[in-house]
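For reference, the chain that follows is the form predicted on its own, supplied as structure tokens.
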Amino acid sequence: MSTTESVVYYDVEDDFAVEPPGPVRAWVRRGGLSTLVFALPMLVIFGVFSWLPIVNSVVMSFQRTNLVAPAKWVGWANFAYVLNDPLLPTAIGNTLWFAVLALLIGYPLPLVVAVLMSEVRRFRGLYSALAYLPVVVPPVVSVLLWKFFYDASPTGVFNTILGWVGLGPYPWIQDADWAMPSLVLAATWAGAGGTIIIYLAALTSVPPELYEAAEIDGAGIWRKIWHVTMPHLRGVLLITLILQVIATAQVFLEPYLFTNGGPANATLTVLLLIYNYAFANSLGGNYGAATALSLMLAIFLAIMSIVYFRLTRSWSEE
């Protein structure tokens, strides 16, 4: 049969030739139309409230506008303004410093707490609830609470406790050198609960037979963690690492509510600089520069994520 001849199907019961259904009719018969009808509202909502603002932001990054006067097309001028801003290196350096401190303090701490909680035989649900409790506390309430703790006077809560062992008093958020570590400590307390719950859920997938075999071989708790627990959490650890890096690169709440970028711009981050571009002068804000820096940050994070997943793909699948 030549390639130009059409394929003919035969119905066995009726004994007559039936032309094959077209691709559209076959798609409808497989439920494609009903699937599209159910997905259409979600696609419309996602497009209107997610992709449309992104497109508008990209357009706005090439305009000079304060959302009141008519927008003026300025091309790459907003990007040049941002790159020439003397506060940009400071904001980038502070953001990197926050990310490094968060990785050193906030990344291993939830894992250690989750592993210790998994070894507990009683009241594990209570400990899980207590670990997750800071997540449900409103951010403004937690900031006011930690500001009270960070009182730099000798009678402050933390300084009083440290004074019992002969330490302090420390300036905490009132000093340029102490401000960023203080913010990282508060942010870790507020956000570690969710990561702890993720690790606890992942730990349930580790076969208990492996721990029993390790105990028979004479392995202690640390050897069990290193040779049994850690290999099974490898994929989760890689995901939480990139999520934390992205979150720390977009840190805004703590610097804004605690110090507003001070003292002496010691806690000025990239997102806080974006906020200052847009809202520092009320209706006279430079929204074009703000969206330009936002777009640069988004592109950087996207490239970093792609490179990260490509570099860790083989390791996560082992």
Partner chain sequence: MKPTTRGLALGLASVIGAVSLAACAGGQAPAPVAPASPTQDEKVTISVVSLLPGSEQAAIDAFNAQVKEFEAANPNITIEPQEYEWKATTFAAQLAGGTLPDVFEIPFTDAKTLIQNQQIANLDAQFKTLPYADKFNENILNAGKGDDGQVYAIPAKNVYGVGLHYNRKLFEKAGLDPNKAPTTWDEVRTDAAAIAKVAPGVAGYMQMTQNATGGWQLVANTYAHGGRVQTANPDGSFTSTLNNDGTKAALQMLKDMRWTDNSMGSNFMFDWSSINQAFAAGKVAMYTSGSDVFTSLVQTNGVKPETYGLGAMPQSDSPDAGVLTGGTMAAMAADATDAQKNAAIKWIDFFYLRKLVDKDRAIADAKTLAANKQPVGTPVLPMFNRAQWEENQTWIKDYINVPLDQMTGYTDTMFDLKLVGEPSRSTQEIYKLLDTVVQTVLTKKDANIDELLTKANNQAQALLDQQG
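Residue numbers count along the first chain shown, from 1. Rigid core here is just the name for the largest C-alpha set that superposes within 1.5 Å across the two forms. Small disclaimer: the values here were computed from a predicted structure and weren't measured.
If you look for the form predicted together with the partner chain, you will not find it shown, but the lines that follow are about it.
Asker: Within 4.5 Å of the partner chain in the model of the complex, do S153, G262 and N265 each have at least one heavy atom?
Answerer: All three within 4.5 Å in the model of the complex.
Asker: If contact means a heavy atom within 4.5 Å, which one of 118 to 126, 226 to 234, 190 to 198, 203 to 211 is the stretch that engages the partner chain in the model of the complex?
Answerer: That would be stretch 190 to 198.
Asker: Looking at A219, L88, L145, A247 here, can you tell me which has any non-hydrogen atom within 4.5 angstroms of the partner chain in the model of the complex?
Answerer: By the 4.5 Å criterion, the partner-contacting residue is A247.
Asker: Quick one: does F38 come within 4.5 Å of the partner chain in the model of the complex, counting heavy atoms only?
Answerer: F38: no, not in contact with the partner chain in the model of the complex.
Asker: Though only this chain appears here, would T240 touch the partner chain in the model of the complex if you measure heavy atom gaps against 4.5 Å?
Answerer: Answer yes; at least one heavy atom of T240 falls within 4.5 Å of the partner chain in the model of the complex.
Asker: Closest heavy atom of W97 to the partner chain in the model of the complex, within 4.5 Å or not?
Answerer: The answer is no: W97 has no heavy atom within 4.5 Å of the partner chain.
Asker: Mark F79 yes when one of its heavy atoms lies within 4.5 Å of a heavy atom of the partner chain in the model of the complex, and no otherwise.
Answerer: F79 lies outside the contact set for the partner chain.
Asker: Using a 4.5 Å heavy atom cutoff, which residues in 90 to 113 contact the partner chain in the model of the complex? It's fine if the answer is none.
Answerer: Heavy-atom contacts within 4.5 Å come from F98, A102, G106.
Asker: Could you tell me whether the Cα atom of M296 shifts by at least 2 Å between the shown form and the other one after core superposition?
Answerer: No, its C-alpha moves less than 2 Å.
Asker: Just checking, between the shown form and the other one and with the core aligned, does L52 shift 2 Å or more at the CA?
Answerer: Where the cores coincide, L52 still shows a C-alpha shift between the shown form and the other one that is 2 Å or more.
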